[in-house]
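Shown below, as structure tokens, is a lone chain in the form predicted on its own; questions about how it binds or moves come after it.
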């Protein structure tokens, strides 16, 4: 299949659970998390660039403001990694059409990097398996392998060791977006500060959460949502507490700061409830935007060729 370019669609994610272990001597935390890929997508276009143009990166879309287009972008790093690893031409043009919030705890940057890996694999006809792509993805960051796998999965280690989770049913989400992102390292540092002097146990997956997923029970899942970084995110951004309160007042089954925040994800029963909560949050004045989504959805995949 010879082609000039491919478009890869990649999902954002919510963390249904994020358990954070103590700070290791190497400065990292062991985590156990349960990811769900949801129907909020970035489209990553990967095509051949003009001769001697090198790797180029451009962005557009609803959440593209402030996204870097240089080598600091994880998508650029993904392209560089693939080019070096497989001895490919560096003349690759990447375009990110963004809908996933930036620095919102929804793995937008990781999703774009995953999209580049899948796109380069398809464009250069490398024939890599999903497992091989996930191993490469783990070199780029802890959320990148999940952006390739999609669905619902358990992440261990630093969140980069992915195991698919048994689940049934579709889950409806209302996402309350913040006007400004939160730095992941800052949230982890605040988490460490808040937990100073406390004995922190090894992170584990919650039994209630896994039972709820296996049963397709959204009410039980709403009660089982948990995030060890939520207190830290709320400490740095106190307005998040107000957002969580509005969601509870308007009948969400559960609410959680996704990842390191500041996006707040509310689980609701169905489309009608999601519409009610969307209207309530929009009218509350405490959020900058509201998006509805459902999950689980597939991971990064090619949706068209150019």
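Positions refer to the first chain, counted from 1. Computed from a prediction, not measured in an experiment: that's the story for all the values here.
Missing here is the form predicted in complex with cytidine-5'-monophosphate; even so, the following discussion is about that form.
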Stretch in contact, per heavy atom within 4.5 angstroms of cytidine-5'-monophosphate in the model of the complex, of 269-277, 241-249, 50-58, 29-37: 29-37
Residue (of 226, 218, 142, 73) lying close to cytidine-5'-monophosphate in the model of the complex, criterion heavy atoms within 4.5 Å: 142
What is the one choice in 158, 195, 85, 214 with a heavy atom within 4.5 Å of cytidine-5'-monophosphate in the model of the complex? 158
Should residue 185 be counted as a contact of cytidine-5'-monophosphate in the model of the complex, where contact means heavy atoms within 4.5 Å? yes
Taking heavy atoms and a 4.5 Å limit, what residues of 189-207 are near cytidine-5'-monophosphate in the model of the complex? none
